[in-house]
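Okay, so here's just one chain, in C-alpha cells, the form predicted on its own.
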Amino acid sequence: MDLTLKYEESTVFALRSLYSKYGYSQYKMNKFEEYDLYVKNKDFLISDSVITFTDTNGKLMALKPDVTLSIVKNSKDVKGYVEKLYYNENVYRVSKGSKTFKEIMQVGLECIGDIDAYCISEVISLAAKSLKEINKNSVLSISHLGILSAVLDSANVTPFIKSDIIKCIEEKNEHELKKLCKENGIDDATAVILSNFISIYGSPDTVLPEIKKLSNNSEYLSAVNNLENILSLIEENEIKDMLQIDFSVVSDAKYYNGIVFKGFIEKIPNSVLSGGQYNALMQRMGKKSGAIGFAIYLDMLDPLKTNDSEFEQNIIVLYDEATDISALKKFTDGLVAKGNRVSAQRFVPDKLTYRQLINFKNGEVEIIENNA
C-alpha cells in the first residue's frame, strides 16, 4: 500500500485498481434513497436502524445504509447480459465497533445478470484477492446454503425450528443442536449430519470428500458437486491456500442461495468481508437475473491502522523565528520529492507521531530522533 495516503484511502485505491483490471465499472449513487426500498428489505441490511428524513415533496427518504439494494433496483434484466460493477460509497449505519451511527466507507463488488460458473469463481477469487490487498494473513470461509437446505428440508420441521438449527450451526453450538433435534423428533441420522456441519471444516481438499459421504440425497449431492466444481475453477495457489469450507458461514435464505462466504483477517475477531449468491433477493425485487457479490466493511479495519500506518508523518522538521524560510522550504521540498511525508513545525504537535525528527536552524540540519 502507498504510505503517502491515509490507510483507508490507500486500501480503497488498491481495491478499485484490482476490480478495474477484471472489467468491473464503478457504480455511483446518491446519498439517499426512498425509505421504502430499505424498509421492505431490512433483514438484508447489517443493521435495521436507518436515518430518515422527509423530502420537500413529502416522501420519506433515507440516508443510504447499503449500496447493493440500489444496484439491484437499477440493474438490467436481460437474458445473456452480465453487469460487472464495483463501488466505494459512504454508507450511514450503526457501526459494529461503536454501536452508534457512523458515516462509513464501504467497498463492494456485484456481478448481476445471466451469471455462470465463471462469474461465481471470479467473484470468489476477487474476494480472496481483496483480503490479500488488506492483509496477507487472511482466510476466506465458504459454505453452500443448498447443502444445508437439502438436509433441513428432509427433516420436515417448521421454519422456526429450521431457523434455530441454523443459528446453532452458525454459533457452533453442538450441545444445543443435539437438544433441538431430540426435542423435535429429528431422526438420529439427520442429527449426525447436522452435527458434522459443526465439526467438519478446513481446506476444500479435506472437507469435500468427507461431506460427500454424509448423505445420498440427490439435492444434497447436487449442491456438494456444485460447490466442488466452482472451487475447482480457482487454480491460483495463493488463493487456494486461503480458502476453507466452514458451514457456520450462513446467510438469510430469504435473500441468499447457493455459495456464501465471509472474509477474516488476522487479529480482527469478526468478518471484514461478506458475500454470496443472492438470487432470492433478485426475485423478491422482481428480477429474473442471478447475482453474486460481496462488501468489505472498512470500519472493521480500524485495528490495522495503528499497525500499517504507525507513523502519521515520516519526518517533522523543527524551525524557529530566525530560520531562513526560503532555505526551509527548499529543504522540505527536497524531502517530499524523495517520497517522504513532511510536516514543518515550530513545535512537535501533541499526539503527532513520526519516524524522524529534524532540527533545521541557522541553515544547519540536526537529526534529533530517528525511529526509521
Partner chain sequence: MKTMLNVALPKGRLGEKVYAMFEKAGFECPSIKEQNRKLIFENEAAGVRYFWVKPSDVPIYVERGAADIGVAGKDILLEYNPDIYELLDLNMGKCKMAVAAKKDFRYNSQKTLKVATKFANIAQNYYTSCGRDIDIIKLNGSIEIAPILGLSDVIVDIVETGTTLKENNLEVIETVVPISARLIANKTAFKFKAAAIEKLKCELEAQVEAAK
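Positions refer to the first chain, counted from 1. As the structure is a prediction and not an experimental result, all values here were calculated from the model.
Below, we turn to the form predicted together with the partner chain, even though it does not appear here.
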Please state whether every one of the three residues 139, 167 and 244 places a non-hydrogen atom within 4.5 angstroms of the partner chain in the model of the complex. yes
Taking the partner chain in the model of the complex as the reference, which of 103, 153, 219, 176 has a non-hydrogen atom within 4.5 Å? 176
State the residue from 171, 210, 114, 205 whose non-hydrogen atoms include one within 4.5 Å of the partner chain in the model of the complex. 171
Can you check whether residue 184 is within 4.5 Å of the partner chain in the model of the complex, heavy atom basis? no
Proximity of residue 248 to the partner chain in the model of the complex, heavy atoms at 4.5 Å: yes
If we define contact as a non-hydrogen atom of the residue within 4.5 angstroms of the partner, is residue 119 a contact of the partner chain in the model of the complex? no
Closest heavy atom of residue 268 to the partner chain in the model of the complex, within 4.5 Å or not? yes
Assert contact_stretch over 83-91, 284-292, 268-276, 120-128 against the partner chain in the model of the complex, heavy atom within 4.5 Å, equals 268-276
Checked 348-363 against the partner chain in the model of the complex; residues with a heavy atom within 4.5 Å, sequence order, are none
